[in-house]
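Below, in structure tokens: the form predicted on its own, a single chain.
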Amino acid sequence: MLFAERFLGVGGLLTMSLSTASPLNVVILGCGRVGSTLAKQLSQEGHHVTVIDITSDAFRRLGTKFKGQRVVGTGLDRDTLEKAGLSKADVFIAVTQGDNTNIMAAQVAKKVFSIPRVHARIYDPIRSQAYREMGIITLCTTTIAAGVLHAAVLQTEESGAWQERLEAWDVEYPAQLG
């Protein structure tokens, strides 16, 4: 099994959807490209989404059609997390630019607020594995990107199918968000 298949699965991440029968209460920390894109998608699917960022300017990425809540503050502040409705959230996702912020906020969400599903983007592969072992679902984009690029460089038989799927996703995904 190729490196990226372990992370992406055969069509796994590309076809994965967080859609469920009933809407989820989702709190996203970080309104960069990943956080805003995910927030727009989940909101369009009918989920209740709250986005936290330290600056209100970051919310411009959400566009005018975003129906969720915007909270200005740090994800490490309990008052901010409560204002974002974390105590009633089904899912917490930390996708700021900082590993330390993401992992600390994820730990607070899991331990203090007892959120059932907590996800954190971590750039450092070693820390990602350590936090994964602590029960926090981590996504190490560094190893995923390296694995996908490695397969593409070697032009393995499997990489062709991935490349096609990833390119299709890159085209289709923004179009879905409008």
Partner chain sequence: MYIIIVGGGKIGYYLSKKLIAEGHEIALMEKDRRRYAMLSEELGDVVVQGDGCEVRLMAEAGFGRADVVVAVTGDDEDNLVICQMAKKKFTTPRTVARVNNPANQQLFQQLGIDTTVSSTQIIFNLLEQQIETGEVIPLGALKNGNIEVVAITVSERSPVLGRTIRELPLDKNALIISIVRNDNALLPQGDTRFENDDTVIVMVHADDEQQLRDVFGEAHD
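Just so we're clear, the structure is a prediction, and the values are computed from it rather than from any experiment. Residue numbers count along the first chain shown, from 1.
The form predicted together with the partner chain is left out here; the points below concern that form.
Enquirer: Suppose contact means a heavy atom within 4.5 Å; in the model of the complex, does that hold for all of 101, 112 and 129 with the partner chain?
Expert: Checked in the model of the complex: all three residues contact the partner chain.
Enquirer: Out of the stretches listed (130-138, 38-46, 63-71, 24-32), which one is close to the partner chain in the model of the complex, meaning heavy atoms within 4.5 Å?
Expert: Looking at the partner contacts, the answer comes out as 130-138.
Enquirer: So in the model of the complex, is the partner chain close enough to residue 88 to count as touching (4.5 Å, heavy atoms)?
Expert: No, residue 88 is distant from the partner.
Enquirer: Contact between residue 108 and the partner chain in the model of the complex at 4.5 Å, heavy atoms?
Expert: Close contact exists here: in the model of the complex, residue 108 approaches the partner chain to within 4.5 Å, heavy atoms only.
Enquirer: Quick one: does residue 83 come within 4.5 Å of the partner chain in the model of the complex, counting heavy atoms only?
Expert: Residue 83: no contact with the partner chain in the model of the complex.
Enquirer: For the heavy atom contacts within 4.5 Å of the partner chain in the model of the complex, list the residues of 54-78 involved, in sequence order.
Expert: Residues within 4.5 Å: 76, 77, 78.
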